[in-house]
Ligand code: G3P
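So this first bit is one chain, no partners, the form predicted alone, shown in structure tokens.
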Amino acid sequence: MKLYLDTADITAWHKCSLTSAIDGVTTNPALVAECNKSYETVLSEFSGVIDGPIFAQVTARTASAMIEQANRYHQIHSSAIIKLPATEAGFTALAELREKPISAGITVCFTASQAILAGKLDASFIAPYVGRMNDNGQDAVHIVKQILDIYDAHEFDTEVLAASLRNATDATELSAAGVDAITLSPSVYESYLHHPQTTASVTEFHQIWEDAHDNADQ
């Protein structure tokens, strides 16, 4: 299973512990806008520190403009994976881009039907938006499991990349279900490393050890 960090902030990447466990970075226009930088600048920054893929989402609205933007991203970083929206224009752009040596897939997915189209068009990935599905009253985990079942039944090569994850619980459940990849915000990723009961237990062990040695020295 692949693990990605969902950020456009190069500083956030450097602050994350155990970056060797992270396979790459996913970005989106909102994250890039928060950094007050161009998409091209963000791609260039990450290309210098990450060996793995960098997911870059198009901001154009027409298929032709999406394709042009995708080609530009790919020229900046050859390992860039292009994120296209699950719209008619996005699917149209995907069909053309997959005929070229450019990895591209569908993001902002909310239904298994959209995932079926992505699979039929040989998308590199499909990114169901788990957190936003739940916000919308959908059963996100159930829908992602449906997508996995459909892809297994029809032997689609498209990877399922769970995105918009708000907590480690959903991430763990989807990992158990067999998703190919998950992307986590820096805060959710750090929660993998810290648990209050672990901290309390380790503190207790240290105290017992120190007390035992203090008594032995008396």
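Values in this document were obtained by computation on a predicted structure and should not be read as measured data. In case it trips you up, residue 1 is the first one in the sequence shown, and so on.
Keep in mind that the form predicted in complex with the named molecule is missing from the display, and what follows is about it.
> Looking at heavy atoms inside 4.5 Å, which stretch does the named molecule contact in the model of the complex, given the options 156-164, 66-74, 48-56, 171-179?
Within 4.5 Å of the partner lies stretch 156-164.
> Can you check whether residue 145 is within 4.5 Å of the named molecule in the model of the complex, heavy atom basis?
So residue 145 does not count as contacting the named molecule.
> Indicate whether the named molecule has at least one heavy atom within 4.5 Å of a heavy atom of residue 35 in the model of the complex.
No, residue 35 sits far enough from the named molecule in the model of the complex that none of its heavy atoms falls within 4.5 Å.
> Does residue 31 make contact with the named molecule in the model of the complex, using a 4.5 Å heavy atom cut-off?
Yes - in the model of the complex, heavy atoms of residue 31 and the named molecule come within 4.5 Å of each other.
> Using 4.5 Å between non-hydrogen atoms, is residue 125 touching the named molecule in the model of the complex?
Flag for residue 125 set to no.
> What are the residues of 97-123, in order along the chain, with a heavy atom within 4.5 Å of the named molecule in the model of the complex?
Residues within 4.5 Å: none.
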